[in-house]
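Here we start with a single chain on its own, the form predicted alone, put down as structure tokens.
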Amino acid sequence: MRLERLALSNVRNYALLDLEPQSGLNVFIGANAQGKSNLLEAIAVLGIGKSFRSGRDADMIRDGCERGMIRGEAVRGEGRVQIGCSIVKNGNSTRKTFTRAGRNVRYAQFLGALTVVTFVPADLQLVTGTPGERRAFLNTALAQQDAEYYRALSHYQAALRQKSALLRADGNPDEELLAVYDRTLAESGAIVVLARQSFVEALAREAAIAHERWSGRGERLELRYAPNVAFEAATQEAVRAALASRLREVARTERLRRMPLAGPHRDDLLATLDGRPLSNFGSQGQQRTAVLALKVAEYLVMRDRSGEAPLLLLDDVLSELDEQRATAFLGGVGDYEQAYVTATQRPPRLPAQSALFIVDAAQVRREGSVAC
């Protein structure tokens, strides 16, 4: 999979941009605040429909404008695909519209047209950050390639919001309505849980291989899915029954505390190094190496499952790694079909024929290629 054209109109600091990336590695070099990260953010929006930064959708629209547009043309196994995202401000509200082949589509139909793996500075906190950050990591990867997962997650989150609102609003909520919400949470939650477990098992295998290759100390990295509700068998019925049983057990406490207390919205992804929690006992270098291995694993698992390599977006992370780790990461994903790197200066040991671009005040010019 590769992106052949990226067009921006009134996005962040770009008034207009028409960019033709090449296959392989595309490197964008420039000082801070010139627009490098904005380029990768726009590509990520074409993949996951939202920014990898925190903040509002309206923040992506150029100052003084009411509408921003991101369009892309990509080539993948099934042929050529044209995708777009329009962001429009209307008073205090913002509306996003998605297109495929020039036609408006729902987000669920847009998702998966272009798959991406992002690696941003905040990802270096995946090991030490909150469980919510790790769940978001799993959701983003799975939703791009598994339509059933996205549907189940959407149903689960909708029921969870409705149940939360009911519990907060009423100290004596409608029992029949709560039962309806709990049935949806158990049924959709079972799909979410099983998909997460399978994905984490695949991640764990690849991450362990990558980490062993890089650590040089014989340390053993292990990733483990930690579901909030335990289950005996990895079948949809067994997980659904376990969730339903747990929801009945915590029902009284939920009413007293006025909040949902059980389900995959409380799952976690745990990392250990030689059996010890990496978040508590790992050095900063060990934690960074583990996150590098995790992101390589994400890329490889997504590639192997779909048969197509996702786009790899590296936003100003190589500068936070020493030369050995930076080189190891680029080598770890090996045969990427197309990757994008931003940096304030040219990274060391780039692969031959990498395309170099200079970014200055939202102007992008091709500098050349790295010679063999």
Partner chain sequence: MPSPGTIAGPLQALIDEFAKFPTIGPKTAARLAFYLLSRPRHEAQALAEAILGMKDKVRFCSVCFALTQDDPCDLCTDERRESAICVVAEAKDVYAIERTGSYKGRYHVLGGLISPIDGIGPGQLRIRELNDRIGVEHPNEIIIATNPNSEGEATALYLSRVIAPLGVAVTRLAYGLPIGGDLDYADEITLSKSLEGRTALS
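What you see is a predicted model, and the numbers here were worked out from it, not measured in a lab. Numbering follows the first chain given and starts at 1.
The same protein also has a form predicted together with its partner chain, omitted here; what follows describes it.
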>> For a quick test of understanding: in the predicted bound form, does each of Arg106, Gln162 and Leu166 have a heavy atom within 4.5 Å of its partner chain?
In response: yes
>> If we define contact as a non-hydrogen atom of the residue within 4.5 angstroms of the partner, is Ala179 a contact of its partner chain in the predicted bound form?
In response: yes
>> Taking its partner chain as it sits in the predicted bound form, is Val75 in contact with it (heavy atom to heavy atom, 4.5 Å or less)?
In response: no
>> Against its partner chain in the predicted bound form, would Ala226 count as a contact residue? Criterion: heavy atoms within 4.5 Å.
In response: no
> So, in the predicted bound form, is Asp174 in contact with its partner chain at a 4.5 angstroms heavy atom limit?
Replying inline: yes
>> Counting any heavy atom within 4.5 Å as contact, can you tell me which stretch out of 296-304, 181-189, 204-212, 78-86 lines its partner chain in the predicted bound form?
In response: 181-189
> Just one of Arg248, Arg258, Arg217, Arg151 has a heavy atom within 4.5 Å of its partner chain in the predicted bound form. Which one?
Replying inline: Arg151
>> Which residue, Ala233, Ala136, Ala122, Ala158, is the contact with its partner chain in the predicted bound form, using a 4.5 Å heavy atom cutoff?
In response: Ala158
